[in-house]
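A single chain, nothing else alongside it, follows as structure tokens in the form predicted alone.
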């Protein structure tokens, strides 16, 4: 029994059995490996769903999500248990590499009429793909006239709605260079604390729902892929499978940018070779 089954003052009883059911489903749906140390997180996040559904127990909730037909509630489960931590220009050395190393050649190709594609593979609320677009727009304000596009995907459709809106608290824009803030953000009418990113930036980005542990409805090739702080939640087998899939869709000499605590392992490490701090280059 978990600690939440032993305490008398908890609102709901969460047993080891319930935790195992939830962990199994989230692993099947998203590849996320939940260890028992996440019990407190699971309890705190899912009790909100129990209240919203007016349920009396975790057993009732487990009965609902155990039925594959209840896809809507499984989506709520994913939204509740996936972690969306991001901010503009997070891990700035990646954006410096994009600006100094990768970006100029991509822009030259785009201006020659070539197809150029970047992918933010776990875009959360949008700060990462917008940071990509802003980095490239600083180099080439005429990007909207080229065939350079950014695909932004996430498993959580709710967080994607936020990303599409492109509205952020003013305080969240502090890491964006002042000239880019002034040019590409404007005040939201009726709310002095909100800023919205311009349609010019939005036009470079397509937002789509995508589950990295399911078959990918994309084939590439992508000239740069950002997939940061995602595979740390996967087991080793799933992690290596995802790396291999990236190696298949990244263009020759294209780059993969990953999280600060991640490393490419398995067969993909023979193809994706280190090219900087948590940056890899497709050697094929």
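Positions refer to the first chain, counted from 1. Since the model is a prediction, treat every value here as computed from it, not as a measurement.
The same protein also has a form predicted together with a small molecule, omitted here; what follows describes it.
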Looking at heavy atoms inside 4.5 Å, which stretch does the small molecule contact in the model of the complex, given the options 211-219, 51-59, 37-45, 247-255? 211-219
Is residue 131 near the small molecule? Define near as a heavy atom within 4.5 Å, in the model of the complex. no
Check whether residue 86 has any heavy atom within 4.5 Å of a heavy atom of the small molecule in the model of the complex, and answer yes or no. yes
Any of the heavy atoms of residue 229 lying within 4.5 Å of the small molecule in the model of the complex? yes
Residue 150, heavy atom within 4.5 angstroms of the small molecule in the model of the complex: no
Taking the small molecule in the model of the complex as the reference, which of 90, 109, 181, 76 has a non-hydrogen atom within 4.5 Å? 90
Can you pick the one in 98, 122, 137, 204 that has a heavy atom within 4.5 Å of the small molecule in the model of the complex? 122
